[in-house]
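Here we start with a single chain on its own, the form predicted on its own, put down as structure tokens.
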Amino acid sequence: MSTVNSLAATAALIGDPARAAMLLALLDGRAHSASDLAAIAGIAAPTASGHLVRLGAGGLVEMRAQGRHRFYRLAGRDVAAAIEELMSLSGARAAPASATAAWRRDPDLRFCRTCYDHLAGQVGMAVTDSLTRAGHIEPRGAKDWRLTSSGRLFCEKLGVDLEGAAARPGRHFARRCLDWSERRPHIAGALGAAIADTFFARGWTERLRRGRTVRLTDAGRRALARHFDAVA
């Protein structure tokens, strides 16, 4: 019964529209103030603070104090992955091409975004599909990929920090993460994060000031064509 109660309590936390809006905002992997999250959710700051206390008590967000300010972020990558999968599930259960779907309101979000610390959307899928076609990654069980010897060589030439990725404690190395807009798994885990870091470091992608949407630069489009045989 405790498991049932825990599931119901977590579902209730996520199910509130204001809390859901804040959790979606935190999927960008960055820390946000309560006032920023209040503005995103369209609620008053004191109300947002109350919601954040509940999300923290439920293990979904964590708070970091910096002077007199408090900043919030998701409690872990597992929380981000669960939210992404719920988004995919809700999209699959909705009417076809729902007018309220996030990608309908913001096609840029569907094109390229961050999913916590890795790339998602059409660009993230283009990278994953390219690695799969080339035999650089292959399935490993039901939830992971394995980086092949050719994949290791490819990543090293691209400048991906494989040693740093392998050294990240408590992380799956190459995880499958269900993409809510594409309905297929993109590459996540330490390897997915390291690939995203490479895209940002080389100026192929740029974070926007707010939100999860990522801009693919002209250099990034050329890189996709050259390294991943993909057109965006």
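Don't overthink the numbering: it's just position in the shown sequence, from 1. No experiment lies behind these values; they were computed from the predicted model shown.
This next part talks about the form predicted together with the DNA, which is not shown.
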Checking 53, 201, 39, 166 against the DNA in the predicted complex, the residue with a non-hydrogen atom inside 4.5 angstroms turns out to be 53
(Q) Considering non-hydrogen atoms and a 4.5 Å limit, does the DNA approach residue 145 in the predicted complex? (A) no
- Just to confirm, residue 24 within 4.5 Å of the DNA in the predicted complex by heavy atoms? no
Would residue 57 count as touching the DNA in the predicted complex under a 4.5 Å heavy atom rule?
-> no
Checklist entry - So in the predicted complex, does any heavy atom of residue 18 sit within 4.5 Å of the DNA? => result yes
Looking in the predicted complex, the residues of 45-60 with a heavy atom no more than 4.5 Å from the DNA, listed in order, are 45, 46, 47, 49, 51, 53, 54
